[in-house]
Structures are given as C-alpha cells and as structure tokens.
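First comes one chain, alone, set out as structure tokens in the form predicted alone.
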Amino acid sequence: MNDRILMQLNSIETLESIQIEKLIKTKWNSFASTQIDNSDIDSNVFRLPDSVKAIDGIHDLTSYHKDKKATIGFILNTEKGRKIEVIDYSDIQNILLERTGMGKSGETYLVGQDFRMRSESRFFPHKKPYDITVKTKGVISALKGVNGRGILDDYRGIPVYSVHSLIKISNLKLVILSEIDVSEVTKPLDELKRRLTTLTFVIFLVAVTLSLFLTRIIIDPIKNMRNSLRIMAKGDYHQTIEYKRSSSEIKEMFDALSQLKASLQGAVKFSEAIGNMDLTTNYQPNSANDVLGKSLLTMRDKLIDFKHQEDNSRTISNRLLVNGLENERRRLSRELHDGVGPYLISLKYYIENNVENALEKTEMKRIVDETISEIRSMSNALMPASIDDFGIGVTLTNYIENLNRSTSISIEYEDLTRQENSNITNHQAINLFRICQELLNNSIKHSKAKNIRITLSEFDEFISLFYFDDGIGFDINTVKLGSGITNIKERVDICNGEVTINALPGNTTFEIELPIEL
C-alpha cells in the first residue's frame, strides 16, 4: 500500500513539476524574444543588488522582495540594455493548488534554497510562505540533487507520504514536494482494522456463548449419566434416570443406560430371590453373550441340586432317627410284653395257689390283673405287635375300637388296604400309625369335634390316608404349628409323601399320599 501511495504522489509531483518548468520556460522564451530595452524592476518593491542584475537568467527574487513575497524574475543583459521582469506567481500557485488524488490532507508546495516555503501552505493559509521554514529530510535531500520518496515528517512534524525533487532552471533552484498525511491514508485501514477487531470480538463472544451452550447440552447429560453410573456402582439400581435434551444420540445413550439398568435390576432381583432360596424364580438372559445372566442361572441350578441333596440327606437322617426311635419302642414293647408280662402271670398263679385268705387273695389278684392290663396298654402304645403280624389296617382298626371305648367322639375308620398282598412297608405302616395317633390326639384335645372319619386306601402306585373332623378348625397361615403337625409333616417327608391340609371350621381335613416303595 505504501508503494502505491508513493507512486501516486510521484505522478502528481512529476506532473506539476513539468507544468511549472514548462510555464517558466515558456515565459522565459517569451521574455527573451520581446524587444524591450532598458526595463528595470520597481526599486520600492525589490532591493535587487547589481551583482544579481548582472547575471542573466531565471532567478528566485523572493529574498529581495520587500514583503518577502514569492517571486520569480527574469534578467537579461544585452547590448541594447538590461531587461528585468517578474512573472505572475499566481500561475504557479494555481498549478500547485491542483490536488486531484491528494485527499483532504494532500498538498504540493515549493521550498527555496533558504529552506523557506515559496507557495502557500494549506495548513497555514494566513501565514506568508516565506515565514514558514521547511528544513525537512526531503528538502535537504532534494537540494543536494537527490530526488526521493518515503514516509517522513513534514514541516508541521506530522508523518506524511512525501515525494520530493528539485526544479532547476537557469539560476532558479526550487524543491517541489507532494505530500499527504499518513493518518489520512491509514484511516480507512485503521477503521477496517477496528471493525474487524470488533467483528472478531463479537464472533468470539458468540462462539464462546455457543460453545458454552453446546457444552452444556453435551456435558449435562453426561454428568447426569456419570452420577447415575456412580449410584448404580454402589448397588442402587432403583434411581430414576432423567432425560432433558432433544439430541437423538443422547436420547439413545439414555435409552441404552435404561436398558442396562433394567437388565441389572432383573439380575439383582433374581439374585435376591435365589439368595432367599426361592429357586422357582425364572430369569431370561438378555442374549447369548449375557455372561452374568448365564452365571446366575448356573448358580440357581447348582443351588437346586444342593437343596435336593440337602433335602435327601435330611430325609435320610430323619428316617434313620425315626426308625431308630421306633426300633427302641419296639424293643421296649417286647420287653414289657415278653419280659414283665410272664412274671406278672406267674405272680397271679402264685397268689391263687398260696394265699389262703380269700379277701386278700381277691384284692391281690385285682391288683395284678390291673398291672397286667396297664403293661399291655403300654406295650401296645409303644409298638402295637399287630403291625408286624397283621399290618397297619388291622392295627388301626383295633386301636380305634379301643379309643372309641374311652372317648365320646364318634370315630369312623374304613380300612381299604390289601390285607394279604399289601405293598405297604413296615416303616410306612409305623409312620401312618403314628400320624393317625397324632391327628386323633390333636382332635380330641383341641378341635372340639364330635365326629371323626378316617379312610386308609392302598392303590397300585400310592397309599392314601384321608382324615376328617368337624371341629373348630384353625388358620393354617397364622396358627403356630405345634410339634404335632410338625411331626406329621416330618413323617410324611421321610416317606417321600405329600400332605394337604384344609382347616376350615366344621371341615378340617388332612390328605396324605405316600408312594408305593417296590
């Protein structure tokens, strides 16, 4: 840009310099050809020394003017006399006033060898040009015969684009300068810079604002998700994941997180269930690659196997315990029946044959008979001998017939077992007998029943015991099951059977099924 401005000034300065030189030379030629003899200059205006008058040519006569008005004069000495003429300086001034392409601060002016201005200054129009000193670098350089251009300080001390050269015609030496303020040239650029700076700052603010806005759109859901994951990492899968933004990618991300949470919740719920040994709970893995889901199912299956093994072990242990207890009862029963019984019978015969007092004999025989009866009852209660000899059907028939004689409750028993070809094992028979004993004992003590019905049936594949009483019943969900019902369930378990209890007022039933053990 600097070169373009200086080239433009150089063109203006060159043009005006040529015009001035042409004007002066034209006027000189006209002056030299005019036949006028002995003309002189007004001595009241000029104090022109004779030494100057003796020199022919074009002169700068400004310093000899009384008022120091810029003046260019012609002097020509001939045989006919001396001619002196001062040209009209306004013609030169008019050339200098042409400021096309000079802007508002541009001007072209002349400076004499004495460093004083020879044309009017547009910045100091009220000052005489001669009073304005212009000893700038451009003037000094031009007077030395070096034309040039550049950014220099002018006579005001203001930085200007300056082009300077020397006009030398005859004895005349004037420096012509074309200059324009740097500030005027750079003002549009500065304005452009200011606008660009303002625009850049506005764009920066908008960019920062948009960045913050977009950052919040992106970061807030991510922070929300991060917090959710932290809570989930601590084991809380019941939190609510909030979604507030409209971005489809973020929505899909939240949907994926919700699916992950639902999957984890399902896994946790299933884990809690199998942890509480609820092994009937179902769980479906999310995919073939769901390692966690498959591991949980494997864990459930192993727990089921473990529970089955544990149940079998407990059943076997209970069976061994019960069998041991029944065997001990059987032993005690036989001891009472086969050991104590014969001694009492022997004692009865001894009393009949050796006691002479009839009254004493009768009393002693009564005591012995009661003792024998009690021993038989105890032996039968410990282990009815008929179980081993005649089976459970006959044993229950005898037991209930004896019980009917000692209670006001009507007890009906129906024996549908196979007497000779029965498949009921001895330990099943003993447990069925004990179960009936327990049920009858509970009804007599607590049910206030008037009627009891018992049916024992034997089928090809299972044995069925049906028990009914019309007592007050009980709430199976709230009643504290005593050792009686607990014992019934344990005996059913060790026989690998099932029991169904309905305990409504007036209609309490126990339905027990045992498998046939072949």
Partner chain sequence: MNEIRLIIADDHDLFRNGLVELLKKHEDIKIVKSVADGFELFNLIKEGFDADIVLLDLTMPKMDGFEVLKELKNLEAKIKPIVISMHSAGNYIAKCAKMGAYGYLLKNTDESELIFAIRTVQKGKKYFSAEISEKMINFMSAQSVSDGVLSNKETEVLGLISKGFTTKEIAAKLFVSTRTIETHRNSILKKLEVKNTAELIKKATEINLI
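Residue numbers count along the first chain shown, from 1. Computed from a predicted model, the values in this text were never measured in an experiment.
Keep in mind the form predicted together with the partner chain is missing from the figure; the text below concerns it.
Participant: Which one of Lys187, Lys365, Lys128, Arg216 is close to the partner chain in the predicted complex, taking close to mean a heavy atom within 4.5 Å?
Facilitator: Spelling it out, the residue with a heavy atom inside the cut-off is Lys365.
Participant: Among Val394, Ile424, Met225, Ala273, which has any heavy atom within 4.5 Å of the partner chain in the predicted complex?
Facilitator: Only one listed residue qualifies here, and that residue is Val394.
Participant: Look at the stretches 416-424, 75-83, 96-104, 169-177 and give the one with heavy atoms within 4.5 Å of the partner chain in the predicted complex.
Facilitator: Going by heavy atoms within 4.5 Å, the stretch is 416-424.
Participant: Should Glu517 be counted as a contact of the partner chain in the predicted complex, where contact means heavy atoms within 4.5 Å?
Facilitator: No, no contact at 4.5 Å.
Participant: Given that the partner chain is not shown alongside this chain, does Phe31 nevertheless sit within 4.5 Å of it in the predicted complex, heavy atom to heavy atom?
Facilitator: No, Phe31 stays farther than 4.5 Å from the partner chain in the predicted complex.
Participant: According to a 4.5 angstroms non-hydrogen atom cut-off, is Leu321 in contact with the partner chain in the predicted complex?
Facilitator: Answer no; every heavy atom of Leu321 is more than 4.5 Å from the partner chain in the predicted complex.
Participant: Is Thr298 a contact residue for the partner chain in the predicted complex, using a 4.5 Å heavy atom cut-off?
Facilitator: Heavy-atom contact with the partner chain at 4.5 Å: absent for Thr298.
Participant: Which residues in 362-395 have a heavy atom within 4.5 Å of the partner chain in the predicted complex?
Facilitator: Residues within 4.5 Å: Lys365, Asp369, Ile372, Arg376, Ala385, Ser386, Asp389, Phe390, Val394.
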